[in-house]
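Below, in structure tokens: the form predicted on its own, a single chain.
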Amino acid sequence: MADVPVHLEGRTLTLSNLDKVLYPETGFTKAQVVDYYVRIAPTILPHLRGRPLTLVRHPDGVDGTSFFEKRRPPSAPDWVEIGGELGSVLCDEAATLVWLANLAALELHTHQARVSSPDAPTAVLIDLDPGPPATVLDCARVALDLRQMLDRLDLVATVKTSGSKGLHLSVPIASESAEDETTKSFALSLGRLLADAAPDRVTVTMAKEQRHGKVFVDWSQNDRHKTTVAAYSLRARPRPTVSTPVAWDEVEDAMDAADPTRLQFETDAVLERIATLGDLFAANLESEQTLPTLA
């Protein structure tokens, strides 16, 4: 397919190889990746804005070679903004998002802090990662336990699928109210409480050989230098799954039904959810919550 020039919000860019299949299992093409990111742009951009990106690029599709890219590529148009210690891409507008899709940057990972305040995370991130044979349903159970703990602390949390195997909880906090060591310590404290209460199914130990059949409460994702896949980002899985915000009753329903497919969403379903449910992750965009001290 010939290159296609595109004019978007005053920017000009050229799209290439739009017929290339990036998800062979489903025949999902680069054109469909671009289309998804164009349509999700109004919803995903507020969650990306001002945050240095780590890109996960799959130029030959999800079955081919992939690589992480933390710095803005040399071929980037001069209007693609950069920020952070490494000169990472800042995706503040739809044209940049489309340019990234054309690079086959399927996954977009963000820091918990914005470039304007790199020492001030805007949320506590708790990554629930199941060690086989544990599944996303085991993560759902742990997520609901965490929600009860946070409720007792008068803290609101949002939840999303990882788009892969697990779930991500986010506890939004007021700007400049904590540093990354504080949020990391808070997440670890919650994880330890869960692991002490249910050592047969929860762990905070990083060693993979000790995670068998358990849900790893990954508190380390709050480190200043770590990134996590953004809400509404595609994942490089066999099918074009998306890291999808969900309602808490959906987590409960999936666990009650013992149906992991209720926590798996592909692009079309995500776009339909936005049209009917709006942005279930919106609480992360602005919060006045502050973290209590855990003994």
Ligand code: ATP
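All residue numbers refer to positions in the sequence shown, first residue = 1. Source: prediction; values computed, not measured.
Absent from the display: the form predicted in complex with the ligand. The rest refers to it.
> In terms of non-hydrogen atoms within 4.5 angstroms, which of the given stretches 123 to 131, 75 to 83, 148 to 156, 89 to 97 touches the ligand in the predicted complex?
Result of the contact check: 123 to 131.
> Closest heavy atom of His109 to the ligand in the predicted complex, within 4.5 Å or not?
Within the cut-off, so yes.
> According to a 4.5 angstroms non-hydrogen atom cut-off, is Lys30 in contact with the ligand in the predicted complex?
No, no contact at 4.5 Å.
> Should Ser233 be counted as a contact of the ligand in the predicted complex, where contact means heavy atoms within 4.5 Å?
No, Ser233 sits far enough from the ligand in the predicted complex that none of its heavy atoms falls within 4.5 Å.
> Please run the contact check for Met255 against the ligand in the predicted complex: heavy atoms, 4.5 angstroms, yes or no?
The answer is no: Met255 has no heavy atom within 4.5 Å of the ligand.
> Under a 4.5 angstroms heavy atom criterion, identify the one residue in Thr203, Asn102, Ser162, Ser170 near the ligand in the predicted complex.
Of the candidates Thr203, Asn102, Ser162, Ser170, Ser162 is the one lying within 4.5 Å of the ligand in the predicted complex.
> Which residue among Ser177, Thr135, Gln221, Thr182 has a heavy atom within 4.5 angstroms of the ligand in the predicted complex?
Comparing distances to the ligand in the predicted complex, the residue within 4.5 Å is Gln221.
> Mind listing which residues of 210 to 237 have a heavy atom within 4.5 Å of the ligand in the predicted complex?
Stretch hits, in order: Gln221, Thr227, Thr228, Val229, Arg235.
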